[in-house]
Structure formats: structure tokens, C-alpha cells
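Consider the single chain below, provided in C-alpha cells and representing the form predicted alone.
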């Protein structure tokens, strides 16, 4: 089982002006993200508007991006709140050549902890790919307990968790009990704290535009240079706040379009910030150094 990258961008899905998935632009964007400091990408996660994409569109995105990136990590967002559908997507992701799948806690239905465990067990047993759990109670409506995560960690190909619950004590308990289980930070403003605790990496939204700085922070933490890492973190907090001012994926899509990336408008019900909010976002970002090339 190949080792999965530490710093991964939860990549937006590019569209054409007519609203179709723009596969050439997806390849171009994924390549740019890796060249600018990422170890790889998560394709068709929440930031990629997974609920608004058909299975065929997801398969095409996974296949095209993996062909483009070769040895870089490509994680397929293959989780839904329907276990059978998630299993179908996991099999499609494997066929497309993805390196791993990201599977979210079932949303809206608010299953019990036993239901959550059985959901992930069924998905993991359906594929040979590594499975990354995604614990995001703010979007899902229910979170995994420490005990449920540790049960899932015992499944042979469940290799880690994208943790976005904002509870450092909860994550510390998981890391203490299962030191070989990888944790990717799922909230950009938690990256520094989780990395200092020993987390593996991050699945990041702001790494679209500040991946080199995220990489420098991670390497500083790994090298024991915590004051250096903390200084980077403090500067990036304002970038993160700006990139979530109108929620996600709305804001980061708007930012990328303002920077000249031809990713198209989002699909409904996602809408871009209004003029006032958009101006506030870009005014803040102009105060910071960004790591992306601005296309002509």
C-alpha cells in the first residue's frame, strides 16, 4: 500500500461556461496544485461539489486527474449517506486508478455510532483501496466518537481520518490510542495545532492558493522549529478566514476566478459571494502573499 501524501488540496471542480465538467481544466488545475507544493489532491469532495456531480462525472474526474498526476496522490471523494451507493463509488474509484477514497460520515440521516461503524466497514470491505474517514459534524449533523473511530481504525484498509470536528482533545485521544492511524487536519486553522500533536497532514481548502506556505509550516513542525511554524500559522489564519467568508466551496471558487482561473460558475445551490462580500474577501487576500501563479 503506497504511502499517501501529507498535504492534499480538496480541489474545486472546474466547469465550462455551459456548466459541464471541464476535464482539461481539472487536469491543469491539479497539475498546478502539485507543482505549487501539494502532494496530491482530493477530487470530488465537498469542495469539489460532490453532491452536484453524477457518478459518470466523478469517474471521469478521478480518471483524468490520476492520468495527469501519475505518482502524486489522488484521493476520490466516494462517500455518500447511502452505503450501497458509496460501495458503488468506491469500486468506480478503484477502476479509475485512484490511490485512496475519502468517505464521509453519513449526513442528514444522523445514524447511531453502530450505524456509522457498519457503514464504513461495508465500504472498506468492498475495496482494496485505502479508506480515509471524514469526520465533519458541522456539515453532517453527527460526529464519530473516539470509540467509533478506533473501531474503524482496526479495519485493515482504513488508514486514517480527515478530522474537522475542531475538538483537539478528541483527536488527541484517537492519536494516543492508535499512534499508527493517520490524521489529516480538515480545518485549515487547526493545521498547526494538529501537526504539533503529531497529525500526518491536512486536506486543505486554502492550499489552492497558499500550499507552499502550508508546506513550509509542516516542514518546520516536523523539524522542531515551532516558532517558525507558529509565525506562518498566524499569518495564514486571516487567509483561511477570508476564504470561508461566504462558506465553502463558494468563497474559494470565487477567489480562484478572481485570480484568473477559468473554473466556471458553481452549480446551484452554491452561489458566489455578492459584490460586497467578494470585495471584502479580495481586500484581505491582497494583504497576503499567495503561492499561485496568476494566469494570463
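Numbering follows the first chain given and starts at 1. If you're wondering where the values come from, they're calculated on a predicted model, not measured in any experiment.
As for the form predicted in complex with another copy of the chain, it is not shown, yet the points below apply to it.
Screening 60, 235, 32, 259 for any heavy atom within 4.5 Å of another copy of the chain in the predicted complex leaves a single hit, 235. This chain is displayed alone, yet in the predicted complex one of 211, 131, 144, 140 has a heavy atom within 4.5 Å of another copy of the chain; that residue is 140. Only one listed stretch (202-210, 188-196, 92-100, 148-156) carries heavy atoms within 4.5 Å of another copy of the chain in the predicted complex, and that stretch is 188-196. Across the proposed site, 55, 72 and 275 without exception lack any heavy atom within 4.5 Å of another copy of the chain in the predicted complex. Put simply, residue 248 is close to another copy of the chain in the predicted complex: some heavy atom of it is within 4.5 Å.
Contact between residue 180 and another copy of the chain in the predicted complex is not found at the 4.5 Å heavy atom cutoff. Of the heavy atoms in residue 114, some are within 4.5 Å of another copy of the chain in the predicted complex. Among residues of the shown chain, residue 216 is not one whose heavy atoms approach another copy of the chain to within 4.5 Å in the predicted complex. Residues of 74-113 that come within 4.5 Å of another copy of the chain in the predicted complex, judged by any heavy atom, are 81, 82, 83, 84, 104, 106, 107, 108, 109, 110, 111, 112 in sequence order.
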